[in-house]
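Just one chain is shown here, as structure tokens, and it is the form predicted on its own.
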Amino acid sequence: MTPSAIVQYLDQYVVGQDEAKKIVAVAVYTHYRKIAKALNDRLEMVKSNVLLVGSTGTGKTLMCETLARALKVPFVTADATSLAQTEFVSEEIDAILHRLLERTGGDVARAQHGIVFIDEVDKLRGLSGQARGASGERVQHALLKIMEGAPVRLKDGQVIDTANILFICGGAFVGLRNIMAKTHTFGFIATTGADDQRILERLNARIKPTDLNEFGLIPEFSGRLPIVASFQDLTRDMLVRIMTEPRQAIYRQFREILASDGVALEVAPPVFEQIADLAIEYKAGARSVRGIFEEMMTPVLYAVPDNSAIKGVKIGSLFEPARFLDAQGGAIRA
């Protein structure tokens, strides 16, 4: 798939984050082109893993899952926090690779071309004081070998080479913007006015390796993540779109569930805005949206299965009960 085709596929499932989509799409396209070139021409490939930086609930994991589905490659997720809470980091890393192998039904060749997403890598810097488990820095060192690429012998004796496995790391990196504000001092570029501002904004928004080092990632670890994509915080409009536009949008899901019982669901536009406002207050992004929407639908799904007379449900406000309608559109008590 070309980068533009990858972005078009992502657009069906992930709302917004246009710049991040382009960066990730090009990175993945280049990664697999490098693999093909290395196989055909027997050239040594230098792998470029990816770092996704953005608040919780902005779509980092969803983008990676969707990406792997589009490319039809095996995909697993791992939590950096759990890695740092164990005394045996190597065993946990072994388990990650073993899960990747399981995704392919034991096909080592396919597993060696998969994607591993390691979430919450920003938490690795803050766990060094724990009595049990590994320090965040120790986990970073442990991950270096497999991220760069090396043959790893699993417990069952199988060997999996990580040289062609793409590692994507993600994290919220709370406080990184404050570090960037201190270290980014680009203030003047001698070009035309419009270009000057655009280039200036791009330079000042760019996350440098030194910013990640000051945050708490060791230079060797941040060096294995040369491609960085920033995810923007979700706006009210984006949260509304998340509920209605993607192929797996939660509104579509509930409409299908009720339609299977012969019931039509209609949610008024202001309801989505009310849900988005609450989600912004909760500061958990799209995760809050799902929770609030499901809570709103609980009374509806409780009533509908027991009342065959209900043929329609209308929700006009998040703060008012749903209206239940019969086949003629008349209101009924449920």
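Numbering starts at 1 and runs along the sequence shown. Since we're looking at a predicted model, the values are computed, not measured.
This protein has a second form, the form predicted in complex with a small molecule, left out of what is shown; the following refers to that one.
Colleague: Just one of Leu124, Ile242, Ile168, Ile165 has a heavy atom within 4.5 angstroms of the small molecule in the model of the complex, so which one?
Modeller: Checked against the cut-off, the match is Ile242.
Colleague: Which one of Thr30, Gln274, Asn307, Ser55 is close to the small molecule in the model of the complex, taking close to mean a heavy atom within 4.5 Å?
Modeller: Contact with the small molecule in the model of the complex is made by Ser55 alone.
Colleague: With the partner removed from view, which of 298-306, 285-293, 30-38, 266-274 is the stretch that lies within 4.5 Å of the small molecule in the model of the complex, judged by heavy atom distances?
Modeller: Of the options given, it is 285-293.
Colleague: Applying a 4.5 Å heavy atom distance criterion, does Ala68 contact the small molecule in the model of the complex?
Modeller: Ala68 lies outside the contact set for the small molecule.
Colleague: Is it the case that Val15, even though its partner is missing from this view, gets within 4.5 Å of the small molecule in the model of the complex, heavy atoms only?
Modeller: Yes, Val15 sits close enough to the small molecule in the model of the complex that at least one of its heavy atoms falls within 4.5 Å.
Colleague: Counting only non-hydrogen atoms and a 4.5 angstroms cut-off, does Leu83 reach the small molecule in the model of the complex?
Modeller: Leu83 lies outside the contact set for the small molecule.
Colleague: May I ask you to check whether Leu62 falls inside a 4.5 Å heavy atom distance of the small molecule in the model of the complex?
Modeller: Because a heavy atom of Leu62 falls inside 4.5 Å of the small molecule in the model of the complex, the answer is yes.
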